[in-house]
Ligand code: ATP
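First, one chain by itself in structure tokens, the form predicted alone.
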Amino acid sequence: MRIGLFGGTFDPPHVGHLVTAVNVRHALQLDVVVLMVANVPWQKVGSRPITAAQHRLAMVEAAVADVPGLEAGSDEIDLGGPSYTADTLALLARRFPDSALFTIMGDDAAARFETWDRYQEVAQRSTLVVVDRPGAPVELPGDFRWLRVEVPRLEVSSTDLRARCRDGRPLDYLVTEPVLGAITERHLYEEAE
């Protein structure tokens, strides 16, 4: 199997995440792309309040429920504590011993790849995939082999979506209907950060 690991906070998951996942899956002929929900996203701790992991997982499950080849991943939540891609790849390698693993990241994350915990292990355990937006590609660090996949540029950010929720502005077409339903039903993003 060819398995893509697309990790993130997904607070909330939006159409940009889905467009990225389906385009990378198609371009690299992956069997599945797992949108892995971080339990404690260590690089964001202290920068802002993070929505509880079970709510973020429920939103990702809603987002991918009807999308062939995409799955929500709860492994990092199940492990508890801070989430590290190296640990997740080790777990996936044990679960799928003969599979090729691909770590998918946006160009902003790829540019900071060497700040990741045990980034060398991530590079050894998987093929690194950077999602490029149309235009000038980002400069990538180190002596790593990168696959580049270009996806459409969608100016959607989770930060903006949380602010829209608090202000009562519409999220229509920025998140899928099932995600919007999960946000409403769980009363997420109503309080100021």
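Everything quoted here is computed from the prediction, not taken from an experiment. Numbers for residues come from their place in the sequence shown, where the first is 1.
One more form of this protein should be noted, the form predicted in complex with adenosine-5'-triphosphate, which is absent from this view; the next part is about it.
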The single option of His55, Arg148, Arg125, Arg133 touching adenosine-5'-triphosphate in the predicted complex, heavy atom within 4.5 Å: Arg133
4.5 angstroms heavy atom contact with adenosine-5'-triphosphate in the predicted complex for Gly4: no
Partner contact for Asp78 in the predicted complex: adenosine-5'-triphosphate, 4.5 angstroms, heavy atom: no
adenosine-5'-triphosphate contact in the predicted complex: Arg48, any heavy atom under 4.5 Å: yes
Residue contact check: Glu114 to adenosine-5'-triphosphate in the predicted complex, 4.5 Å heavy atom: no
Interface segment, criterion being heavy atoms within 4.5 Å of adenosine-5'-triphosphate in the predicted complex, picked from 57-65, 158-166, 24-32, 137-145: 158-166
Residues of stretch 1-25 in contact with adenosine-5'-triphosphate in the predicted complex (4.5 Å, non-hydrogen atom): Phe6, Gly7, Gly8, Thr9, Phe10, His14, Gly16, His17, Thr20
Inter-Cα distance between Arg133 and Ser158 in the predicted complex, nearer or further [3 Å or more]: closer
Pairwise C-alpha change, Asn23 versus Pro134, in the predicted complex against this form - closer or farther, 3 angstroms or more: farther
